[in-house]
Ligand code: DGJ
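Only one chain is included here, represented as structure tokens and corresponding to the form predicted on its own.
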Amino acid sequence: MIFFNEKERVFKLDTPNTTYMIGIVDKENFVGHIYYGKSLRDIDAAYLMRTEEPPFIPSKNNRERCSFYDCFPFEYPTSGVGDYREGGIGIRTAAGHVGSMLSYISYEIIDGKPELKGLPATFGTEKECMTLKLVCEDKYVGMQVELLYTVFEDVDVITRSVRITNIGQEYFYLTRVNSACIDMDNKDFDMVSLHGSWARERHIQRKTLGYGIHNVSSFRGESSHQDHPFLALVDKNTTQENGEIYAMNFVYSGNFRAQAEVTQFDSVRMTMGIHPENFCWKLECGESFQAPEVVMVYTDKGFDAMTNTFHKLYRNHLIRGVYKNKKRPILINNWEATYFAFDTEKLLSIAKEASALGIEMLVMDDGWFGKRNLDNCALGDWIVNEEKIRGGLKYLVHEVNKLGMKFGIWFEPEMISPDSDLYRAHPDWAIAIPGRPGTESRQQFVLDLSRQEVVDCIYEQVASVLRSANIEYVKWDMNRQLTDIGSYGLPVDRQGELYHRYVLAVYQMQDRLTKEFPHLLLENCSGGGARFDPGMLYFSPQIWCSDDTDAIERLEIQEGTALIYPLSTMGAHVSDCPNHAVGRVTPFDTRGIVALAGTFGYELDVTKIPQEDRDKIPGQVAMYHKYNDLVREGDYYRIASYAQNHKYDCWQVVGANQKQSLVTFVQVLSRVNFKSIRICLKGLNPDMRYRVVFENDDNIADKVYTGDMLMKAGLLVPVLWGDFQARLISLTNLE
């Protein structure tokens, strides 16, 4: 619900359990942030902006206007006129000036949620959400700014975005655009963020928030392996079950900066938006710039509540398409099985064995096109290599389909190899600084997708392949960051638009793809998890979580990913051992159990693995079909973290009616002369009686306990023989 009190000049936005309040101040109509937190009944809260304290509002004390600007809790701050904290927006006029200040003009309350042109965003019907549009302007610059807030009726989320329009008589440049800002009192917060690198993405980091600026960011042209477009400020005592959290997640797949700044007055300014590094957008008269969306979550019930709020929002209001609420096919990918050394015969041999074991889709990875026998050529030449794919793609797909399997294919549409026919014909189609030798990575360059002719050419190549056969899955990869930021197609005064135009073009291509092929299952990938973000989830219901498929390494990666994203979004496979990334050997059972926490599939040569492992695949397939609906749709709870205790990992999923639950327990290192581990479960109905079954351990007898007993007193998991052991524990209501 959204309400405006005209007398108090206060806007009140209510979700089921939270309140967000905005106030209009002084005759100059400054827009201030009043409150964000637990639900309030009252609306008379403008006193929280402290405008009755020195330095007072400018109409009462204009001589200290600069001091007012530097401490007032602005809802969307500007820069250059006296607020020395991070600004929401930065501009440079045609004359070279940088100052701006916004004044409130009008508002509109809209049923439903307007689309953000050219950008992915959450969605909802007129019955599911309401949107507040606050219109502000700087008449001196000739700039109008629309602040958009959407309140969801079924989940404690407020989304924010910004639209900036040039209503003046001359152009100006945007040099910074944040999509959200919250000014609030410092509560001695900790800051929680996600960090990593290739093959170790999204590890959780928690640290004390001290004075000054703390940020996580990427200006690599992608949301990145290294940092993640997520930031949470949490109470010092926040746990999984209790404590205040203010969280932001960016629905964007390019450069970002998420920042928390503790000021001289013990306030905190929390911002999120496009990274200003090398960003400069020219806005001509009458033109508008639409900023991406930020998802904001507040809870006072700890990380489990925050996590399930994000999960519910993304499952119901971000993921789209035929697989939105549908079980995904179990696939086998040939990458770690064969790398580039495959042909039609080899792929069909894998498919025949896999289909007999219950696997449902074969995915042909890198190496099927052009002269691509190594990773040093042919990107951009998306033509089937019929020396390898003998009989052609249509024949291969038909033969796979005859086995009762679907067929999928890998592309890297955003890249170009110097050794390719496309590059030889169009060297200016690569992102490059004219006259400077390009920086290669993986012996490839990045296509300049700010040029529509490049987008159209690549899209048509990809679409032609998909039209040629019954292809039902695409893995869309992107294996390097952007460098040498320059475009032969953009004028000098628009070179600073390249990063953002690139991301918009990726969105355009994937939008076209999902519209032309609506039944396609699209899985995004970027060297593993470098572009695992809400922007990509809008187009693909799942994303390859990491190139590190080792079950033990995946514990920390999947824990950090599941902190925000539903389990159904995490591409997770059973791979061969010794693992190709770390050389570790783990039991086949454990690899399967860890992968069940995601989309589930295989990344190995099923014709070569030990017979003992091969014989276990039908059981894993059956377990996936038995529990995937629960894993995909249930509430997720973190019971224990191997990253914290260095001994074992444990998580739980609970069905919506609380009648079914699945607990995953992974003992990383065995310990001698220790007793069993007690785990206290969550989310159950205390009055229900549950049958507890250790699914993959016949040595542990079934037991019956009440939900009350399991949550308060706990369940005992015996010490398991050997390292890297895992157990699935199912709970079923007996009534």
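Numbers follow the displayed sequence, beginning with 1. As the structure is a prediction and not an experimental result, all values here were calculated from the model.
There is another form of the same protein, the form predicted in complex with this ligand; it is not shown, and what comes next is about it.
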Looking in the predicted bound form, any heavy atom of residue 442 within 4.5 Å of this ligand?
yes
Using a 4.5 angstroms cut-off on non-hydrogen atoms, would residue 616 count as touching this ligand in the predicted bound form?
no
Just to confirm, residue 475 within 4.5 Å of this ligand in the predicted bound form by heavy atoms?
yes
So in the predicted bound form, does residue 544 come within 4.5 Å of this ligand, heavy atom to heavy atom?
yes
Stretch from 189-197, 493-501, 644-652, 476-484 whose residues place a heavy atom within 4.5 Å of this ligand in the predicted bound form
476-484
The single option of 538, 281, 588, 410 touching this ligand in the predicted bound form, heavy atom within 4.5 Å
410
Which residue, 528, 87, 634, 120, is the contact with this ligand in the predicted bound form, using a 4.5 Å heavy atom cutoff?
528
Could you list which residues of 326-365 come within 4.5 Å of this ligand in the predicted bound form, counting heavy atoms only?
335, 365
